[in-house]
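The chain below stands alone and is given in structure tokens; this is the form predicted on its own.
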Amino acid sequence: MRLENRTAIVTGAASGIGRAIAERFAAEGAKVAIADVAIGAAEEAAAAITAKGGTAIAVAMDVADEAAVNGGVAQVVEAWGRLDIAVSNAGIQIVHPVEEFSFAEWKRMLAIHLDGAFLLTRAAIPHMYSQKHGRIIYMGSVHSKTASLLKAPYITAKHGLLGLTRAVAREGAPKGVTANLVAPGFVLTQLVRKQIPEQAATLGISEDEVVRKVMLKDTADGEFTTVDDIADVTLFFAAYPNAALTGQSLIASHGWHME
């Protein structure tokens, strides 16, 4: 029970990677807030955790809305009296060549990935400072480190998260707060499944070729990363006992990108 007596909020946790993280945290003893714009799905996810003996609540949150983020964090602190772990995981994907992105799409991508991470950090960190303990974890990507076709705003946002991680690590260290970034490779979530036909159409290749020649071609074993892989890495950072690893990122990509 590595997270016993800890409380956590995970954004975008009604499904996919976020839900796997929330379930793993709860299994390790944490009280977990499932924060998501899809409140019905968040309530279902929280109920599933509770049914297994864990403690979870659902929090309605659009991470690009300042009032919603502030209110959601306040709800968690009111319910449990503290906030120990904040995982900024919410994200979307839009796939186009850069010249085909509308400015509205560009702004939406950055608002959800990057503004959302900032807003969650700003809302959570005063509570962590007051208790002299906190773990802030950002869901980056291999695209925090490198680039590929058709994802200019996503890559820009994920690179930005790496900078935010390092800035928060510097500021938080004297007050007991660490910051880390998890960098997954392709995880076969609904978000990634949606990209397969989109990339096939844009690149003029088959969906099978998108998987083999685009998504998995540089992995060491030809395998997708799993939600459980990412939950394990996130738990590692959340439960790490001191600040030795603050500011660091960890790539989990089956060898797609190595450094």
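Numbers follow the displayed sequence, beginning with 1. Since this is a predicted model, take the numbers as computed values, not measurements.
Separately, the form predicted in complex with a small molecule exists; it is not shown, and the next lines address it.
Enquirer: Could you check which residue among A79, L149, I92, L162 gets a heavy atom within 4.5 Å of the small molecule in the model of the complex?
Expert: Contact residue from the list: I92.
Enquirer: May I ask you to state whether H133 is within 4.5 Å of the small molecule in the model of the complex, using heavy atom distances?
Expert: Outside the cut-off, so no.
Enquirer: With the cut-off set at 4.5 Å between non-hydrogen atoms, does L119 touch the small molecule in the model of the complex?
Expert: No, L119 sits far enough from the small molecule in the model of the complex that none of its heavy atoms falls within 4.5 Å.
Enquirer: Given that the small molecule is not shown alongside this chain, does L235 nevertheless sit within 4.5 Å of it in the model of the complex, heavy atom to heavy atom?
Expert: Looking in the model of the complex, residue contacts with the small molecule do not include L235, since no heavy atom lies within 4.5 Å.
Enquirer: T178: heavy atom within 4.5 Å of the small molecule in the model of the complex?
Expert: Flag for T178 set to no.
Enquirer: Have a look at 98-106, 121-129, 185-193, 169-177 and name the one stretch with heavy atoms inside 4.5 Å of the small molecule in the model of the complex.
Expert: Only one stretch qualifies here: 185-193.
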